[in-house]
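A lone chain, given as structure tokens: the form predicted on its own.
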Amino acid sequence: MNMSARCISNRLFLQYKITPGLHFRGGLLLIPMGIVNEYHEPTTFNGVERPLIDNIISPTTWREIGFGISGNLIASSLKYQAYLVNGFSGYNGTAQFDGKNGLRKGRQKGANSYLSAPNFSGKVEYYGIKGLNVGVSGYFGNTQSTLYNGLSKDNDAALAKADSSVVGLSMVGVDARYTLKGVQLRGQYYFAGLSNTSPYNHFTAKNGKPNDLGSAMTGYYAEAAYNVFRPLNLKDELTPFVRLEGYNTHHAVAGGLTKNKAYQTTAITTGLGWKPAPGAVLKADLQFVKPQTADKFTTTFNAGIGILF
């Protein structure tokens, strides 16, 4: 028997080893979507800020209360996770989603979480080729609404109102990481399909103006980096990188909503990271961001120090 409690970077869960390849987990879990949500410490990604799609679509740090199974099938070079969790807060007296901010405001973070419908989250990773890790992840369910609290099932009008405050969410992600000596490549793609957005937008209207949540969101990034100290056999790492990314929270819209081209954004980030010791990094980068409606890129300089402890 093997049982442990872990508190690791915004997650706190109980893990019970059933077999070498099967573990039970329960508690506050990081949703296994993409790369950055599970590995979001500043020493694990390039650039001062996390990729934009990991703030808008899969909103790091995204953690929920739930339980499920995980494991490592060594013979097949596969890792897996599968959980039932409470979902995003879609409505708690005010709308939590819109076209500009995507899904970020819906994170419940474990504290004071409420549940009106369970959601499923899962991921499978393949690592059978040296230096390569490929993952496929998914998240499916309905957002949560406080309007269901204490609601009688015989109250048809109240049920209809509560149903209008809920959004269905089906999100899939594909990611890949590859390292070869000093070369580091990674990429990620998300597609999020949202249902019931037209009733939700009208129910959460402000001053007679409907909300503008889209019915589909997409996002991607591709990144290349190189540790220039690798050929010198130094323990330090000095890694210049460049990342191209884009997202569109109005990839599709429903209910007569007009697509807002300002919600389709392209970004280029290039910079440098220096790791003088394990668990420490100094970073600087330039980020160029351009919504489709803009004539030119806006430029931001970022600098930061990251420590893993």
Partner chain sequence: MQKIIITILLLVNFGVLQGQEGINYRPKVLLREISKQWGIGDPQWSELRLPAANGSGERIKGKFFAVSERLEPNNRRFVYVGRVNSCRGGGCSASGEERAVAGDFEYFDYFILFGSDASVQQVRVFNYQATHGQEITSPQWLRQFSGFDGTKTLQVGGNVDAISGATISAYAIAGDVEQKTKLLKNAELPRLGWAKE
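Bear in mind the structure is a predicted one, so any value in this text is a computation, not a measurement. Numbering follows the first chain given and starts at 1.
Omitted here: the form predicted in complex with its partner chain. The next part is about that form.
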Q. Do K153 and its partner chain share at least one heavy atom pair within 4.5 Å in the model of the complex?
A. no
Q: State yes or no: in the model of the complex, is some non-hydrogen atom of P118 no more than 4.5 angstroms from a non-hydrogen atom of its partner chain?
A: no
Q. Within a 4.5 Å heavy atom cut-off, is K206 in contact with its partner chain in the model of the complex?
A. no
Q. Would L308 count as a contact of its partner chain in the model of the complex, using a 4.5 angstroms cut-off between non-hydrogen atoms?
A. yes
Q: Go through T218, S198, N133, T239 and name the one with a heavy atom inside 4.5 Å of its partner chain in the model of the complex.
A: N133
Q) Taking G141, H202 and P291 as the candidate spot, are all three within 4.5 angstroms of its partner chain in the model of the complex by heavy atoms? A) no
Q) Can you say which of 49 to 57, 33 to 41, 265 to 273, 249 to 257 gets within 4.5 Å of its partner chain in the model of the complex, counting heavy atoms only? A) 33 to 41
Q: Sequence order please: the residues of 13 to 41 with a heavy atom within 4.5 Å of its partner chain in the model of the complex.
A: F13, L14, Q15, Y16, K17, P20, H23, R25, G26, G27, E38, Y39
